[in-house]
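Only one chain is shown below, in structure tokens, and it's the form predicted on its own.
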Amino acid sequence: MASVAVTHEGRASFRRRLPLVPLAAWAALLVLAPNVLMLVYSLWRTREGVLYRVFTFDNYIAAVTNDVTLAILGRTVAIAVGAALLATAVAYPMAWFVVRRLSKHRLLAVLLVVVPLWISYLVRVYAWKIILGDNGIINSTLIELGLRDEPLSFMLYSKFAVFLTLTYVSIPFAFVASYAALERVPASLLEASADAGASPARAFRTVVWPLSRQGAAIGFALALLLCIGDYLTPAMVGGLEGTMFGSLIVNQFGLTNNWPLGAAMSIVLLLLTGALLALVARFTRTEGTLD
């Protein structure tokens, strides 16, 4: 009887885990395998465009000891974290307004925020190139109003242009995560806090934020992941001043044909991003769940 029970329990456990098989296979094929391949390439070396399958850490040493590379890596982290923070700071109040102030047109408001995601990423970045250019909307307006005699030099092909564009493209991702978290906060909790004499500010600080900060953190994480590895935006609106780490990696795989070094730089960026996300998860963790 005991063996029959064990067999039945094993079959039941197998049936419960069976739906996870396609998910595990998908993750292994599209997430694990490419990163393992990248790791293997990073441990090889190349010379005059020829790849040698020789185990070495030289690529990692070159990636973390080059002053120019480290400066660009620091710039990348600063711009990505700043843009993700600003995008979250803009998206969270927007989501709060939609959840708490809109009723009839809530779905329309959400669609208006996320509709840029339906447009090509390239088109959205190029639009900012037109807006920030010497003959763009901003500079043209300032000159026509007599506020400037010549275009603002920092508007395009600069760190500012990269920061502004990355913030813009990140807002919908931060908004969706914040909206999903805020929508789950029961209105009855806010009513109870008001009945207990809590001001709106205190109710937000003690009720809303603890229950929704994890959603805000997820939005920040999505924005950070989008910003920190982007190479298209710096190429289009950043120029030399706005070069980011992703651009260096692309150059290693393309222009210089040094795949091992590019792979090592990719692993370094991956580890750094993982550390940043771990810090975010650590400081925004919410105890318990809200059903």
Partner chain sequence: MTSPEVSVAPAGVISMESALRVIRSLFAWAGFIAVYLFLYTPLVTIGIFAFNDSTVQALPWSGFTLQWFGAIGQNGLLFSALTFGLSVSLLVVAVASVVGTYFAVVVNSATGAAPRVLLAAVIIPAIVPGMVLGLSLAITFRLVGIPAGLWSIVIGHLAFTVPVVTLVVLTRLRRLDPSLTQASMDLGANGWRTFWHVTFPQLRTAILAAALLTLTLSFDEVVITFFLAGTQQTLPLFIWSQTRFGFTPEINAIVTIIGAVSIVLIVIATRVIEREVDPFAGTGRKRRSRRGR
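Computed from a predicted structure; not experimentally measured. Numbering follows the first chain given and starts at 1. Throughout, rigid core stands for the largest set of C-alpha atoms superposing within 1.5 Å between the two forms.
Same protein, other form: the form predicted together with the partner chain, not shown, and the subject of what follows.
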Subject >> Residue contact check: residue 140 to the partner chain in the model of the complex, 4.5 Å heavy atom >> reply: yes
Original post:
With the partner left out of view, is residue 52 within 4.5 angstroms of the partner chain in the model of the complex by any non-hydrogen atom?
Top reply: no
Original post:
Is there a heavy atom of residue 71 no more than 4.5 Å from a heavy atom of the partner chain in the model of the complex?
Top reply: no
Original post:
Is residue 239 one of the residues lying within 4.5 Å of the partner chain in the model of the complex, judged by heavy atom distances?
Top reply: no
Subject >> Triple contact flag 92, 187 and 211 to the partner chain in the model of the complex, non-hydrogen atom at 4.5 angstroms >> reply: no
**OP:** Tell me the stretch among 148 to 156, 129 to 137, 187 to 195, 77 to 85 that has any heavy atom within 4.5 angstroms of the partner chain in the model of the complex.
**Re:** 129 to 137
Subject >> Within 4.5 Å of the partner chain in the model of the complex: residues from 212 to 245 (heavy atom criterion) >> reply: 225, 229, 230, 231, 232, 235, 236
Original post:
Relative to the superposed rigid core, does the CA atom of residue 20 travel 2 Å or more between this form and the one not shown?
Top reply: yes
